[in-house]
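The chain that follows stands alone, in the form predicted alone, written as structure tokens.
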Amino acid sequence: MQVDELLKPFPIKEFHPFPRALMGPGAHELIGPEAIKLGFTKPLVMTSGLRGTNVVQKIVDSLKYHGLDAVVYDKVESNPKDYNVMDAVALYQQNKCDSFISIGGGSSHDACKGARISVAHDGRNVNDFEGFNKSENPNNPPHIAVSTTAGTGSETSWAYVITDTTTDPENPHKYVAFDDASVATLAIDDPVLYFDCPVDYTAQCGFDVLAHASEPYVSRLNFEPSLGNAIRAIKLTAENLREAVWNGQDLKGREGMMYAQYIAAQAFNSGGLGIIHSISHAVSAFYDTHHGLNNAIALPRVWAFNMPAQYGRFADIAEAMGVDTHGMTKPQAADAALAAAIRLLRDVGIPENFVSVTQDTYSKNRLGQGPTAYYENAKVIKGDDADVDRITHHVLGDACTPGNAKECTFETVRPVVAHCMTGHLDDLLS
């Protein structure tokens, strides 16, 4: 064997399991019967509340109709905090619940995964499980994850993301815990539940899908079984996101994004991610902004950064996004992929850089319980040198960074972060 083969960053791949899934319009009406089949009697429902949508109340009413004694914790915040998880654990234990149901997007599902792990370890703090497969007891309470957005993939993956507010309150740390024991028992993806998702939130979740799909497609893990789902998810996003955003009551666009979300999550579950996600985690740790919004702003800059390492793969992405690459060289096609992503970003109304993000135009925190004290106290994104430095340091410590297409150092990543803060997208177009 050649020595350089042994030195590849990820010579041994690992495939991670998916939960059973029910998908399609009307799937959410099966929650009660499915919960009974799984042995639920008193589930803790974890959600952001989804105020004004009536989604949570309808599901809770359905559970009660089927004889289930549901207890509701509806205070999960965006970028779920460690205290959200531990409050839910306390409620679960006080009410002697026996199972979990999460309703919402990634925040609800991730907080629920953390709560299950904590419950299985006698209520230990969720922050103890940061890292890879840190849990010791695989026998968690069963969990049904019901998605109301098309973006997260958390209902499918072995990862959950929590904000640690305790270690350094002035500089919160958002971390990823990868744990096969956290995989949901059953995932339910019903596009009808996405109809009430606001325009800007739909757009941000859609770019979460594009990040979930494009990062494993160019990842240094180079996990062959992930590539098909990744490129198909990119194609579905390019074909359906505009319709889902601007005609949200239309089933075709919503269903297209439902499938895009699901298979993109399958792709990254074993294929890995990169610094689109690392930048996103850092910015939301410090400013509590939405994960999908952060991914959308970071994506074009990270694509431009990574393209020289993967021109061929980015040329494939161009084709998946509908670009006629006939006659183009691979670098030209890669440039066309970047242009297509920027066009999509502008078409669905994503802000062009982080200093353009304002709380007033950010709908995620108007859902559920409304803006939390944590979010209200978050500072306005400055994007100055000190800000860029601390975000870059957070990026280099993120669990997603080793999988990035191009190896990262402080010197190479810092300009990418700086461009995310204040740069203009036209600068990236050749």
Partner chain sequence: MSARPLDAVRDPAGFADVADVIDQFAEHGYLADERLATTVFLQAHLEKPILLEGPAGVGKTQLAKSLAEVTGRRLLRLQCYEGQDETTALYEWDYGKQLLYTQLMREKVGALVADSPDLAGAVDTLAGEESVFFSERFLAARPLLEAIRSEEPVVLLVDEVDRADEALEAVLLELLAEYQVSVPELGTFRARHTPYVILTSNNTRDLSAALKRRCLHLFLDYPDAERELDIIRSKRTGLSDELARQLVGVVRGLRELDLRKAPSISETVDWARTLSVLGAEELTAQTLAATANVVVKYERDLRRALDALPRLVDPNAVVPDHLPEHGHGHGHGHDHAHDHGHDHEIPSGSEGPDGAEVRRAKDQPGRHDEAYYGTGSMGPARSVPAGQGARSFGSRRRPF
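Being a predicted model, the structure only gives us computed values, none of them experimental. Residue numbers count along the first chain shown, from 1.
Only in words, not in the display: the form predicted in complex with the partner chain, which the text now covers.
Item to check | the partner chain: the contacting residue among 137, 249, 167, 329 in the model of the complex [heavy atom, 4.5 Å] | outcome: Of the candidates 137, 249, 167, 329, 167 is the one lying within 4.5 Å of the partner chain in the model of the complex.
Next on the checklist: Exactly one residue in 70, 400, 56, 31 has a non-hydrogen atom within 4.5 Å of the partner chain in the model of the complex; which is it?
Outcome noted: None of the others qualify; the residue that does is 400.
Checklist entry - Would residue 269 show up as a contact with the partner chain in the model of the complex if we use heavy atoms at 4.5 Å? => result Residue-level check for residue 269: yes, a contact with the partner chain.
Checklist entry - Are any of the heavy atoms in residue 242 no more than 4.5 Å from a heavy atom of the partner chain in the model of the complex? => result No, residue 242 sits far enough from the partner chain in the model of the complex that none of its heavy atoms falls within 4.5 Å.
Item to check | Heavy atom of residue 232 within 4.5 Å of the partner chain in the model of the complex | outcome: Although the partner chain is absent here, residue 232 would stay clear of it in the model of the complex, with no heavy atoms inside 4.5 Å.
Checklist entry - With the cut-off set at 4.5 Å between non-hydrogen atoms, does residue 221 touch the partner chain in the model of the complex? => result Yes, residue 221 sits close enough to the partner chain in the model of the complex that at least one of its heavy atoms falls within 4.5 Å.
Item to check | the partner chain in the model of the complex: contacted by all of 408, 415 and 419, heavy atom 4.5 Å | outcome: So, yes: the whole triplet contacts the partner chain.
Checklist entry - Going by heavy atoms within 4.5 Å, which of 189 to 197, 254 to 262, 129 to 137, 149 to 157 lines up against the partner chain in the model of the complex? => result Selected range: 129 to 137.
Checklist entry - Though the partner is not shown here, which residues of 293 to 317 have a heavy atom within 4.5 Å of the partner chain in the model of the complex? => result Residues within 4.5 Å: 301, 304, 305, 307, 308, 311.
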